[in-house]
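This document starts with one chain, in the form predicted alone, laid out as structure tokens.
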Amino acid sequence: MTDIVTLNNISKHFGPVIGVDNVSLSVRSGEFVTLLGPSGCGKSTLLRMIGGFEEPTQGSVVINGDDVTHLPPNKRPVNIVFQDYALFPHMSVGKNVGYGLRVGGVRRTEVADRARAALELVGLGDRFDAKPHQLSGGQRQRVALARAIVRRPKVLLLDEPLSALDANLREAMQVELKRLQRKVGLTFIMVTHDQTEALALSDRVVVMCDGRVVQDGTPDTLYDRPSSTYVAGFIGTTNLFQGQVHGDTLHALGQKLVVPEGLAPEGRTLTFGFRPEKAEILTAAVAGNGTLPATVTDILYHGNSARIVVEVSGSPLSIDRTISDARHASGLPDIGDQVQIAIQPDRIMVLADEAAA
């Protein structure tokens, strides 16, 4: 696939405040890329510079091979979907979808045909004559998507498109959004602070912090091999602890754990981590080489799974475990039980302490 969007050393300053700091990024044609990070990290500013709503302080924006750095939004082959839908309440759904075409001088009959086709794509072909107030929140968001794709942009930008929806509707719309992206074959660039949403929808996730890209990779890479404590903590839950490697042994949490050779530099105190589902809870009687003695301090139920909180050498750790429908038959420990935590050596991650690392 060829690159459809290229950002070259993009920065944006708001007076003394640096919103985006020297970001270079390429997005391939047909990719679904998500800019992920907390509020104020620069992700929305970066999206707005791609769309032409902000002009970079330095650097260039290239879309489909053309330098569009100084072009206004209506001169760029992109369209944007905002989180608040921005539908005209007095217009029908069909007229909302076709509005941009009418303003662009497209013939009225073609506007209606293309609007209907776009609404069919999002499953709302039968609501052409309805008014926005007659639709649910999810339906209004799908109208906003139809309005964005009807102009056939090269790139569709999505600024927190699902944040206004409740949890159940949001999950359903995630499925719809991915289905639509695959069906129309457009390049999607989405902004979100929701790591679950980013992992579920994206081909690539770009994690940002303080205006910079701190890691760029596939969802499984970011989850299994985060580059820093910042990424590990922002994407999912990670148990973090300090330790030193000597040969094939990790000295940490008051114990010695067997680890793969070459896991980390010899003798340096570093931050290590593991995901809650990457460890097992054993009975205290099964203590062995590489296990951690622990005390169960809490159990949090999540339907078909439970998060068991334990204390190891004064440090709290979380372990996830699948449970059966019958809680008493699930084999979960009780609060106060003495147990052993077993971590597979290849599941231990070495993490940089700084987001910039």
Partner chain sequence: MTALETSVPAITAVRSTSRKPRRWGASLGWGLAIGTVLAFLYVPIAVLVLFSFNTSRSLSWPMEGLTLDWYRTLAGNEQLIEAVGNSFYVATCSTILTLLIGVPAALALDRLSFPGKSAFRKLVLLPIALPGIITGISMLILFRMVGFTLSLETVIIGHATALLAVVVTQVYARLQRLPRSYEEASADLGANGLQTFFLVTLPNIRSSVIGAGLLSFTLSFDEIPVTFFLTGRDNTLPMYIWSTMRRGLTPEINAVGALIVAFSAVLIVLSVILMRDKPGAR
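By rigid core we mean the largest C-alpha set that fits within 1.5 Å across both forms. Residue numbers count along the first chain shown, from 1. Quick caveat, the model's predicted, so the values are computed rather than measured.
Another form exists, predicted together with the partner chain; not displayed. Remarks below refer to it.
- Of the candidates A172, A86, V258, V184, A86 is the one whose heavy atoms come within 4.5 Å of the partner chain in the model of the complex; the others do not.
- Distance criterion of 4.5 Å from any heavy atom to the partner chain in the model of the complex singles out G100 from the list G217, G94, G100, P276.
- Among residues of the shown chain, R48 is one whose heavy atoms approach the partner chain to within 4.5 Å in the model of the complex.
- Not displayed here, the partner chain is approached by P73 to within 4.5 Å at the level of heavy atoms in the model of the complex.
- By the criterion of a heavy atom within 4.5 Å, H90 is counted among the residues contacting the partner chain in the model of the complex.
- With a 4.5 Å cutoff on heavy atoms, I80 counts as touching the partner chain in the model of the complex.
- Here the marked residues F53, R147 and R151 all reach the partner chain in the model of the complex, each with a heavy atom within 4.5 angstroms.
- Residues within 4.5 angstroms of the partner chain in the model of the complex, judged by any non-hydrogen atom, belong to 102 to 110 and to none of the other stretches in 218 to 226, 102 to 110, 163 to 171, 267 to 275.
- Contact annotation for 117 to 143: a single residue, H133, has a non-hydrogen atom within 4.5 angstroms of the partner chain in the model of the complex.
- Positional change of R268 between this form and the one not shown stays under 2 Å at the C-alpha, relative to the superposed core.
- Taking the rigid core as fixed, one finds a CA shift for R108 smaller than 2 Å between this form and the one not shown.
- Relative to the superposed rigid core, the position of the CA of G185 differs between this form and the one not shown by less than 2 Å.
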